[in-house]
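Quick setup: one chain, the form predicted alone, written in structure tokens, and binding and motion questions come after.
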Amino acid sequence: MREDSFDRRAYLRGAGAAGLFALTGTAGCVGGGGGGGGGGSDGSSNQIVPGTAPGFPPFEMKEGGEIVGFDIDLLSAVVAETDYQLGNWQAFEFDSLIPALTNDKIDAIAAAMTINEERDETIDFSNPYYNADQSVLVRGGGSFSPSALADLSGHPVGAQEGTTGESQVKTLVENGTLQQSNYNSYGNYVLAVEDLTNGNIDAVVLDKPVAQTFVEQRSVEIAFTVETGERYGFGMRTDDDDLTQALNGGLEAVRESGRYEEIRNEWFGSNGG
């Protein structure tokens, strides 16, 4: 499907419909200082300052003091297809990204951010660039083997603040499946998984591709996955239509050139995560 034929608000009204947006083999959701946004820290009108929230591998993380990941490489490739230039990356806690954007500290968010109605009231999104589902991580070889969200009842559960994983857990609290005292909130998923492997919690609810990365690195395993039908998008200010259109065009060009697939394979393997 051509990117410029996609109606973002129509997507928001019908998110989750099968076959709504075909991404090139991806499968897998989420749902943050300061830069010098609003045209770039050097005052140039075509430079954009990107913001992200490290601690969400393989989408964004710090290695040797450098911010790296799928989102980092993808936005860089997308911007290279436009008349804009990419400034220095700025790191925030995830919950602080939208305030940083609306307060002109950054110009674009690339942080595995799920497109949803609530966020769309405050910011604009690019066309989706990644499918996202939720997985439940447990300790590898442990005795706890849940097969549904209801099985988390009576167990301490963790998620990252401001993510879809947290909303899934909060729904369990609201409907009485999980006690509030059993929910543990974290600034990033690295801390949550550390608590899981240390036995302080029994499960973590998080995005599928991120869960798969932790499985490769830690003694954890995916107990089950919840299909959410959600999508990630880049975030921009609502009055920055030129940038939104440019990034949509750049995303289309990256897909058509095969560069998207190359970046995806680098971070998720040939199976696309």
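Not measured: the values here are computed from a predicted model. Position 1 is the first residue in the sequence shown; the rest follow in order.
Keep in mind that the form predicted together with ligand GLN is missing from the display, and what follows is about it.
Partner absent here, but in the predicted complex, which of 194-202, 82-90, 169-177, 155-163 has residues with a heavy atom within 4.5 Å of ligand GLN? That would be 155-163.
is_contact(residue 112, ligand GLN) in the predicted complex, heavy atom dist at most 4.5 Å: Yes, residue 112 sits close enough to ligand GLN in the predicted complex that at least one of its heavy atoms falls within 4.5 Å.
State yes or no: in the predicted complex, is some non-hydrogen atom of residue 130 no more than 4.5 angstroms from a non-hydrogen atom of ligand GLN? Flag for residue 130 set to no.
4.5 Å heavy atom contact, residue 230 to ligand GLN in the predicted complex: Residue 230: contacts ligand GLN in the predicted complex.
Answer for residue 234 alone: is it within 4.5 Å of ligand GLN in the predicted complex, judged on heavy atom distances? It does not: once ligand GLN is placed as it appears in the predicted complex, residue 234 has no heavy atom within 4.5 Å of it.
Check each residue of 84-98 against ligand GLN in the predicted complex and list those with a heavy atom within 4.5 Å, in sequence order. Contacts from 84-98: just 94.
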